[in-house]
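Next comes just one chain, in C-alpha coordinates: the form predicted on its own.
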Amino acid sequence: MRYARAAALAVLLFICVSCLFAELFAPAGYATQYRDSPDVAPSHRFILGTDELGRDRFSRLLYGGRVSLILAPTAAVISVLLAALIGGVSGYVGGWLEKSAMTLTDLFLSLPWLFLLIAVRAVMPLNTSPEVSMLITFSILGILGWAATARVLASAARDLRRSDFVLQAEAAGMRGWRLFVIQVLPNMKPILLAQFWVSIPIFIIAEANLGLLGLGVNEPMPSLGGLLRELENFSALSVEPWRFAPLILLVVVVSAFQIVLPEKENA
(Lines give C-alpha, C1' and ligand atoms only; values in the text may rest on other atoms or scores of the structure.)
Protein backbone atom coordinates (compact mmCIF):
# COMPACT_ATOMS: atom_id res chain seq x y z
CA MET A 1 0.00 0.00 0.00
CA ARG A 2 2.95 2.32 0.53
CA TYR A 3 3.74 2.33 -3.20
CA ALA A 4 0.08 2.78 -4.09
CA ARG A 5 -0.13 5.82 -1.79
CA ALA A 6 3.06 7.26 -3.22
CA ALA A 7 1.73 6.81 -6.77
CA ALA A 8 -1.65 8.31 -5.83
CA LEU A 9 0.05 11.26 -4.15
CA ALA A 10 2.22 11.85 -7.23
CA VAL A 11 -0.83 11.77 -9.50
CA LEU A 12 -2.72 14.11 -7.18
CA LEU A 13 0.18 16.57 -7.04
CA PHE A 14 0.52 16.49 -10.82
CA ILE A 15 -3.17 17.24 -11.29
CA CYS A 16 -3.14 19.97 -8.63
CA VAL A 17 -0.10 21.72 -10.14
CA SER A 18 -1.55 21.49 -13.67
CA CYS A 19 -4.90 22.91 -12.56
CA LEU A 20 -3.68 25.51 -10.09
CA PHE A 21 -1.32 26.95 -12.71
CA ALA A 22 -3.81 26.60 -15.54
CA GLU A 23 -2.61 29.83 -17.16
CA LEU A 24 0.76 28.19 -17.84
CA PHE A 25 -0.57 24.93 -19.28
CA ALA A 26 -3.89 25.86 -20.89
CA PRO A 27 -3.59 26.85 -24.57
CA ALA A 28 -6.45 29.36 -24.19
CA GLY A 29 -8.67 31.04 -21.63
CA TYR A 30 -11.70 29.19 -20.35
CA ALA A 31 -14.07 31.63 -22.09
CA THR A 32 -12.10 32.06 -25.34
CA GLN A 33 -14.20 31.07 -28.34
CA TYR A 34 -12.86 29.83 -31.66
CA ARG A 35 -15.93 30.65 -33.74
CA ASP A 36 -14.44 28.99 -36.81
CA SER A 37 -14.00 25.67 -34.96
CA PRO A 38 -17.13 24.77 -32.96
CA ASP A 39 -17.49 21.20 -31.71
CA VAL A 40 -14.39 19.85 -33.46
CA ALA A 41 -12.61 16.57 -32.70
CA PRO A 42 -9.27 16.41 -30.86
CA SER A 43 -6.26 17.52 -32.90
CA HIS A 44 -2.79 18.94 -32.41
CA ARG A 45 -4.44 22.35 -31.99
CA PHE A 46 -7.21 21.23 -29.62
CA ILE A 47 -6.13 18.28 -27.46
CA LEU A 48 -9.68 17.45 -26.37
CA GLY A 49 -11.47 19.25 -29.15
CA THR A 50 -13.86 22.14 -28.66
CA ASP A 51 -17.41 22.43 -27.35
CA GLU A 52 -20.43 23.71 -29.27
CA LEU A 53 -19.34 27.32 -28.64
CA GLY A 54 -15.83 26.72 -29.93
CA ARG A 55 -14.16 26.78 -26.48
CA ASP A 56 -11.11 24.59 -25.96
CA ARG A 57 -12.17 21.63 -23.81
CA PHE A 58 -8.69 20.96 -22.44
CA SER A 59 -8.35 24.56 -21.22
CA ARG A 60 -11.77 24.44 -19.61
CA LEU A 61 -10.90 21.14 -17.96
CA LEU A 62 -7.82 22.66 -16.31
CA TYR A 63 -9.68 25.77 -15.16
CA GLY A 64 -12.63 23.69 -13.98
CA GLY A 65 -10.33 21.44 -12.00
CA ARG A 66 -8.77 24.50 -10.40
CA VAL A 67 -12.14 25.78 -9.23
CA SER A 68 -12.94 22.47 -7.54
CA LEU A 69 -9.45 21.88 -6.13
CA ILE A 70 -9.26 25.36 -4.60
CA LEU A 71 -12.77 25.80 -3.27
CA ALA A 72 -13.44 22.25 -2.05
CA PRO A 73 -10.66 22.63 0.57
CA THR A 74 -12.11 26.05 1.43
CA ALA A 75 -15.52 24.47 2.00
CA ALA A 76 -13.80 21.77 4.07
CA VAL A 77 -12.19 24.44 6.27
CA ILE A 78 -15.58 26.09 6.84
CA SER A 79 -17.15 22.73 7.64
CA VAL A 80 -14.41 21.66 10.07
CA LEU A 81 -14.41 25.03 11.86
CA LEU A 82 -18.18 24.87 12.34
CA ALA A 83 -17.88 21.28 13.53
CA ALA A 84 -15.15 22.25 16.00
CA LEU A 85 -17.26 25.15 17.28
CA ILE A 86 -20.48 23.17 17.61
CA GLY A 87 -19.27 19.64 18.28
CA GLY A 88 -15.92 20.19 19.94
CA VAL A 89 -17.04 22.92 22.33
CA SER A 90 -20.32 21.18 23.24
CA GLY A 91 -18.53 17.88 23.84
CA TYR A 92 -16.05 19.63 26.12
CA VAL A 93 -18.69 21.59 28.08
CA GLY A 94 -21.20 18.71 28.23
CA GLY A 95 -24.60 18.98 29.90
CA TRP A 96 -27.49 20.74 28.22
CA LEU A 97 -25.19 22.36 25.65
CA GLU A 98 -23.99 18.99 24.36
CA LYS A 99 -27.54 17.61 24.28
CA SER A 100 -28.77 20.64 22.32
CA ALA A 101 -25.84 20.49 19.91
CA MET A 102 -26.27 16.77 19.30
CA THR A 103 -30.01 17.26 18.70
CA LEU A 104 -29.19 19.89 16.09
CA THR A 105 -26.57 17.57 14.61
CA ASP A 106 -29.06 14.69 14.41
CA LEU A 107 -31.50 17.03 12.67
CA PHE A 108 -28.92 17.97 10.04
CA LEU A 109 -27.89 14.33 9.58
CA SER A 110 -31.50 13.27 9.09
CA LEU A 111 -32.02 15.78 6.28
CA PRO A 112 -31.11 14.80 2.71
CA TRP A 113 -28.54 17.56 2.53
CA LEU A 114 -27.95 17.21 -1.19
CA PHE A 115 -31.62 18.11 -1.78
CA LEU A 116 -31.27 20.93 0.74
CA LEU A 117 -28.26 22.19 -1.22
CA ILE A 118 -30.26 22.00 -4.41
CA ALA A 119 -33.14 23.94 -2.86
CA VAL A 120 -30.90 26.68 -1.44
CA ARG A 121 -28.87 26.98 -4.65
CA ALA A 122 -32.00 27.03 -6.81
CA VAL A 123 -33.39 30.19 -5.14
CA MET A 124 -30.37 32.23 -6.25
CA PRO A 125 -31.07 34.79 -9.01
CA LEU A 126 -30.39 33.57 -12.53
CA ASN A 127 -28.21 36.61 -13.28
CA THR A 128 -25.75 35.84 -10.48
CA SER A 129 -22.18 36.36 -11.70
CA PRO A 130 -19.96 33.26 -12.09
CA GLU A 131 -17.61 34.41 -9.32
CA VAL A 132 -20.45 34.99 -6.86
CA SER A 133 -22.14 31.70 -7.77
CA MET A 134 -18.83 29.91 -7.25
CA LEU A 135 -18.31 31.38 -3.78
CA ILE A 136 -21.93 30.83 -2.75
CA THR A 137 -21.99 27.23 -3.96
CA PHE A 138 -18.94 26.17 -1.97
CA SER A 139 -19.92 28.30 1.05
CA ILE A 140 -23.25 26.48 1.17
CA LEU A 141 -21.42 23.16 0.93
CA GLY A 142 -19.23 24.10 3.89
CA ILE A 143 -22.06 25.52 6.00
CA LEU A 144 -24.33 22.52 5.53
CA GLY A 145 -21.68 19.79 5.69
CA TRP A 146 -20.50 20.07 9.29
CA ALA A 147 -22.85 17.67 11.10
CA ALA A 148 -21.06 14.32 10.68
CA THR A 149 -17.72 15.88 11.62
CA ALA A 150 -19.31 17.55 14.66
CA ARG A 151 -20.32 14.18 16.14
CA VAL A 152 -16.77 12.88 15.76
CA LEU A 153 -15.29 15.98 17.40
CA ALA A 154 -17.86 15.98 20.20
CA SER A 155 -16.95 12.40 21.08
CA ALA A 156 -13.22 13.22 20.95
CA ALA A 157 -13.64 16.32 23.13
CA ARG A 158 -15.70 14.34 25.64
CA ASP A 159 -12.99 11.68 25.93
CA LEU A 160 -10.24 14.28 26.24
CA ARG A 161 -12.21 16.13 28.92
CA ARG A 162 -12.05 12.97 31.06
CA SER A 163 -8.40 12.17 30.30
CA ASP A 164 -5.76 12.11 33.01
CA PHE A 165 -3.65 15.00 31.72
CA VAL A 166 -6.70 17.30 31.54
CA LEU A 167 -7.76 16.32 35.07
CA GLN A 168 -4.21 17.02 36.28
CA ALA A 169 -4.22 20.44 34.59
CA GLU A 170 -7.59 21.18 36.16
CA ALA A 171 -6.29 20.13 39.57
CA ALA A 172 -3.37 22.51 39.07
CA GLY A 173 -5.79 25.41 38.73
CA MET A 174 -6.39 25.61 34.98
CA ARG A 175 -10.05 26.24 34.21
CA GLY A 176 -12.55 27.10 31.50
CA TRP A 177 -11.55 28.16 28.01
CA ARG A 178 -7.88 28.29 28.94
CA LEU A 179 -8.01 24.58 29.73
CA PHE A 180 -9.81 23.90 26.44
CA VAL A 181 -7.42 25.94 24.30
CA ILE A 182 -4.17 24.78 25.91
CA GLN A 183 -4.91 21.15 26.75
CA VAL A 184 -7.86 19.88 24.72
CA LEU A 185 -7.69 21.67 21.38
CA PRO A 186 -4.06 20.76 20.51
CA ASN A 187 -4.86 17.08 21.11
CA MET A 188 -7.79 17.33 18.68
CA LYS A 189 -5.53 18.52 15.86
CA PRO A 190 -5.00 15.03 14.27
CA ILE A 191 -8.77 14.47 14.23
CA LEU A 192 -9.39 17.93 12.74
CA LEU A 193 -6.82 17.29 10.00
CA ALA A 194 -8.25 13.86 9.24
CA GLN A 195 -11.79 15.26 8.96
CA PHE A 196 -10.51 18.07 6.74
CA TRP A 197 -8.91 15.65 4.28
CA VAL A 198 -11.94 13.37 4.30
CA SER A 199 -14.25 16.30 3.50
CA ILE A 200 -12.41 17.48 0.38
CA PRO A 201 -13.44 14.66 -2.01
CA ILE A 202 -16.95 14.74 -0.53
CA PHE A 203 -17.32 18.40 -1.48
CA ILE A 204 -15.81 17.83 -4.93
CA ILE A 205 -18.45 15.15 -5.59
CA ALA A 206 -21.21 17.32 -4.11
CA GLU A 207 -20.33 20.19 -6.46
CA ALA A 208 -20.24 17.73 -9.36
CA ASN A 209 -23.79 16.65 -8.49
CA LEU A 210 -24.98 20.25 -8.36
CA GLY A 211 -23.22 21.03 -11.63
CA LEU A 212 -24.87 18.10 -13.37
CA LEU A 213 -28.23 19.58 -12.38
CA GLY A 214 -27.24 23.03 -13.60
CA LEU A 215 -27.12 24.43 -10.06
CA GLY A 216 -23.37 24.74 -9.63
CA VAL A 217 -20.98 27.43 -10.85
CA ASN A 218 -22.54 29.67 -13.51
CA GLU A 219 -21.25 29.90 -17.06
CA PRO A 220 -18.87 30.79 -18.55
CA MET A 221 -16.69 29.80 -15.58
CA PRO A 222 -16.12 26.04 -15.70
CA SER A 223 -16.14 23.55 -12.84
CA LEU A 224 -15.99 19.78 -12.87
CA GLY A 225 -19.72 19.61 -12.25
CA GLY A 226 -20.51 22.01 -15.07
CA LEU A 227 -18.24 20.14 -17.49
CA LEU A 228 -19.97 16.88 -16.65
CA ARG A 229 -23.20 18.23 -18.12
CA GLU A 230 -21.87 17.31 -21.56
CA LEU A 231 -22.43 13.69 -20.60
CA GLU A 232 -26.18 14.30 -20.80
CA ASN A 233 -25.93 13.93 -24.58
CA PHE A 234 -25.71 10.12 -24.65
CA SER A 235 -25.95 9.89 -28.42
CA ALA A 236 -22.75 11.90 -28.84
CA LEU A 237 -20.70 9.95 -26.30
CA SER A 238 -20.23 6.87 -28.49
CA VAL A 239 -18.75 8.93 -31.33
CA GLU A 240 -17.04 11.53 -29.12
CA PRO A 241 -15.47 9.58 -26.22
CA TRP A 242 -13.21 12.52 -25.34
CA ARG A 243 -16.23 14.05 -23.62
CA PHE A 244 -15.56 11.61 -20.78
CA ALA A 245 -12.41 13.58 -19.82
CA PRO A 246 -14.08 15.53 -16.94
CA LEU A 247 -15.53 12.30 -15.54
CA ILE A 248 -12.15 10.57 -15.77
CA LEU A 249 -10.49 13.51 -13.99
CA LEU A 250 -13.14 13.44 -11.25
CA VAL A 251 -12.73 9.68 -10.72
CA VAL A 252 -8.93 9.95 -10.66
CA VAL A 253 -8.92 12.85 -8.17
CA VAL A 254 -11.43 11.26 -5.79
CA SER A 255 -9.72 7.85 -6.03
CA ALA A 256 -6.32 9.40 -5.35
CA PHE A 257 -7.70 11.15 -2.27
CA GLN A 258 -9.19 7.90 -1.02
CA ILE A 259 -5.87 6.09 -1.41
CA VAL A 260 -3.86 8.88 0.23
CA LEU A 261 -6.34 9.47 3.08
CA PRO A 262 -5.33 6.50 5.29
CA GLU A 263 -1.83 7.90 5.39
CA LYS A 264 -3.23 11.24 6.50
CA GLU A 265 -5.48 9.76 9.14
CA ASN A 266 -2.62 7.86 10.74
CA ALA A 267 -0.40 10.90 10.74
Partner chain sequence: MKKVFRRIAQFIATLLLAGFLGATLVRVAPGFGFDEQSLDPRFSAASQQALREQAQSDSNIFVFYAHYIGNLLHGDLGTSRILQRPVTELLKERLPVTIQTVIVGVLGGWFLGLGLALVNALFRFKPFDVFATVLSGIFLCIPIAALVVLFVYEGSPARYAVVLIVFPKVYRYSANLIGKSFDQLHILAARAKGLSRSRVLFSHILLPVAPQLLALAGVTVSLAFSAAIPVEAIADSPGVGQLAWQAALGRDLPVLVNVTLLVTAFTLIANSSAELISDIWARRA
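Positions refer to the first chain, counted from 1. Treat the numbers as computed from the prediction; the structure is a model and nothing was measured.
The same protein also exists as the form predicted in complex with its partner chain; that form is not shown, yet it is the one meant from here on.
Contact with its partner chain in the model of the complex, defined as a heavy atom within 4.5 Å, is made by all three of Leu111, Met124 and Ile205. The chain is drawn here without its partner chain; in the model of the complex, the stretch among 60 to 68, 22 to 30, 44 to 52, 235 to 243 whose residues come within 4.5 Å of it by any heavy atom is 235 to 243. Shown without its partner, this chain lists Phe165, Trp177, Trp96, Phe115 as candidates; in the model of the complex, only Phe115 has a non-hydrogen atom within 4.5 angstroms of its partner chain. Between the options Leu215, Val40, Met221, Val198, the residue in contact with its partner chain in the model of the complex by a heavy atom within 4.5 angstroms is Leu215. In the model of the complex, at least one heavy atom of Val254 sits within 4.5 Å of a heavy atom of its partner chain. The closest heavy atom approach of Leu107 to its partner chain in the model of the complex falls within 4.5 Å.
The closest non-hydrogen atom of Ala119 lies within 4.5 Å of its partner chain in the model of the complex. Remark: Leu9 does not count among the residues lining its partner chain in the model of the complex, judged by a heavy atom distance of 4.5 Å or less.
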